[in-house]
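A single chain, nothing else alongside it, follows as structure tokens in the form predicted alone.
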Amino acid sequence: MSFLELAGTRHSCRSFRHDPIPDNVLQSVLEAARLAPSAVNYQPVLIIVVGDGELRDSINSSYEKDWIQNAPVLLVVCGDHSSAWRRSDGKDYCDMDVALAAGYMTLAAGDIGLGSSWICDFDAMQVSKLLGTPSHIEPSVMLALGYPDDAGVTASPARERRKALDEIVRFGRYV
């Protein structure tokens, strides 16, 4: 499958089979994050892998949707603001680096047959406390990961609502 085919078919998966993810498959997804671009190659990304158990149940409670419980693995993608590159005006690029790593992982997961869902609407303070992260390490994104349970799942209407290129691209100048 070409990259554009992969990007065009990837979607947020919210229904997972209970099959465990083999270590070598999980390592492939994590490797994609390691290879993701990073501002000035500072790589201020930290990924905490959370499987089953009491910690997982507590982290699940930081998000209001029940479907999260079906994913066999949660990847908590954190940014280390103390080691991120800053532009000369002080802009911190940590969030961009985290987004690139998470995006690469979602595409790698789709490429090897895993489903994923990008979660941002969670209680980051609660997750930080549960994981014991220091103040400069920010849980920014959680990725639910697992084999999709496609029974009864239909294509996402959001996929059909993508903006046209002429709505998002300008050549030369804005106007």
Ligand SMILES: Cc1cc2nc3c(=O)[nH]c(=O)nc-3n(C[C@H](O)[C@H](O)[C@H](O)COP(=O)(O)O)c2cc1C
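Note that this is a predicted model, so its numbers are computed, not measured. Note that residue numbering follows the sequence shown and begins at 1.
Another form exists, predicted together with the ligand; not displayed. Remarks below refer to it.
For the ligand in the model of the complex, the listed stretch (41-49, 107-115, 123-131, 61-69) containing residues with heavy atoms inside 4.5 Å is 61-69.
When contacts are defined as a non-hydrogen atom within 4.5 Å, none of Arg34, Arg86 and Ile137 contacts the ligand in the model of the complex. Of the heavy atoms in His18, none are within 4.5 Å of the ligand in the model of the complex. Among residues of the shown chain, Lys163 is not one whose heavy atoms approach the ligand to within 4.5 Å in the model of the complex.
For Leu26, no non-hydrogen atom is located within 4.5 Å of the ligand in the model of the complex, even though that partner is not displayed.
Within this chain, Ile119 lines the site of the ligand in the model of the complex, having a heavy atom no more than 4.5 Å away.
In the model of the complex, the ligand lies within 4.5 angstroms of at least one heavy atom of each of the following residues of 1-32: Arg10, His11, Ser12, Arg14, in sequence order.
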